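One chain comes next, on its own, written as C-alpha cells: the form predicted alone.
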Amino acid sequence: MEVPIKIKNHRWKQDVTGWLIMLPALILFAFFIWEPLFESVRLSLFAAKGYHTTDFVGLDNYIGLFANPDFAIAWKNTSLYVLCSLVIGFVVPIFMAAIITESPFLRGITRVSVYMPNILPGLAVVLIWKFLFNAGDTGVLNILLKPLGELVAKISGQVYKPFNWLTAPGWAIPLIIVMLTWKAAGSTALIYMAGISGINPDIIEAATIDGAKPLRRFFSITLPNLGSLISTMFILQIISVFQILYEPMMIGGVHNNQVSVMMLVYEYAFDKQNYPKAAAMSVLICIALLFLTLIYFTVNKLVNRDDSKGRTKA
C-alpha cells in the first residue's frame, strides 16, 4: 500500500522543521566541541613557536610526553582520583537522596541545606578546605584533634607534632575528593531524589505494609529503579573527576602527591608555552575517556542483556 503524497509531504515538513530547530545547537556544538578537538589533533602533530605552527613532527610530541617523569605520575594520580571519587563521592549522594526522601520532617529545608555548598564558587571552597587542612597549629583540623593527639603521644611516650595533611603520602588525593564530595554531593542528590520521586508510590506503600524497613526498601526497590540514572551518573562522574584541575593546584601540598593529567596540560600550555604538547596531552585524555566510556557501555549492555535473558527464561 502506497503512502499518500500529502502524508509524505507532511512528514518531510516535520523533518525539516525539526532540523531547523536543532540547527543552532548543532552549529554551536560543532564550533565549541568538534572544531577545537580537530584543531588539537592537528596542533599535536606540529612544532610551534607561540601560537603559530612551524614544522610537521608527527608523533614526536606524544613521544616527548612519555619521556616526562610526571606523565606516569599524573595518570596514576588521576586514576586514584577517579577510584576515590567512585568509592566516596559516587555513593554518598545516593544515600543522601534516600535518607532525605525517607525523612518525614523538614524535607524542604534539608534539600536547600545540602545544595548550599554547590552555590559557593569553586575557588572559595578550595580556600576554605585549605584553611581546614593547614599544617601546624594553624589548621582547623589540627586544632580540633590536638587534645587527642597529645593524649596518644603521651601514652606512646612520644612528642606531639601536628599532622601535615596535604604533604603526607596517601592523604592529599582522598582529602581533595572529600572536598569535592562536600561541594557537589548535594546537587547530585537532588537528581537522585527526582529519580526516586518517579518510582511508583504504590510499590513502596505495598512494601511498607508488608513490613519492609527503609533499608530493605532502599536495596529492593529504590536502587533497582534508579539503575539507568545511576549508570548515567557513573560515567559522568568519571568524566568530571578526570578533568580535575584547580582543586589540587590551589590546595597546595607536594606536587607529585596530587598532580593530575589536566594539571600537566595547564603546565605545558601556560607555564612552558608548549602548546603542541598541551594539545597532545588533551588528545590522550580524550582517547582515554572515550575508551573508558566504550568499555562501560559495552559491559553495561552485556549485563542488561543477560538480565533480560534470565527474566525471559523465568
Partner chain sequence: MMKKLLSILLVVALAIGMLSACATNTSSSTDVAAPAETSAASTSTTAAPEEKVVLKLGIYPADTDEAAIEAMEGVITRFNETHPNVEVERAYYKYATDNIAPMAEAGTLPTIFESWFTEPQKLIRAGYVRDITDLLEARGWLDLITPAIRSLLSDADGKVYGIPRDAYALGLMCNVELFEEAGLTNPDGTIQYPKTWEELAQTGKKIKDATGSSGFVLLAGEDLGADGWHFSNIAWAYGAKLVTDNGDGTYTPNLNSKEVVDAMEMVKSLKWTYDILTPDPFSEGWATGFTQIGTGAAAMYIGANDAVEQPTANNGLPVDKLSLVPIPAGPGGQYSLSGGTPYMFAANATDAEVNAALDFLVAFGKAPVVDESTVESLRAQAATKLERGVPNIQRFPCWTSPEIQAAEDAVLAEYTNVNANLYADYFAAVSTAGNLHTEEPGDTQAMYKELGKVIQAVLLDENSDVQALLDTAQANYIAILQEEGILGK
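Since the structure is predicted, the reported quantities are computational estimates derived from the model, not experimental observations. Numbering follows the first chain given and starts at 1.
The next section is about a form of this same protein that is not shown, the form predicted in complex with the partner chain.
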query	finding
Y51, P69 and G136 all contacting the partner chain in the model of the complex, non-hydrogen atom within 4.5 Å	yes
Listed residue that, although the partner chain is not shown, lies within 4.5 Å of it in the model of the complex (heavy atoms), from I285, V41, M249, V57	M249
Distance check, M263 to the partner chain in the model of the complex, heavy atom within 4.5 Å	yes
Interface membership of F270, the partner chain in the model of the complex, 4.5 Å heavy atom rule	yes
Heavy atom of T167 within 4.5 Å of the partner chain in the model of the complex	yes
The partner chain contact in the model of the complex: T298, any heavy atom under 4.5 Å	no
Answer range among 104-112, 225-233, 190-198, 126-134 for contact with the partner chain, defined in the model of the complex as heavy atoms within 4.5 Å	126-134
Residues in 17-56 with any heavy atom within 4.5 Å of the partner chain in the model of the complex	T17, L20, I21, P24, I27, L28, K49, G50, Y51, H52
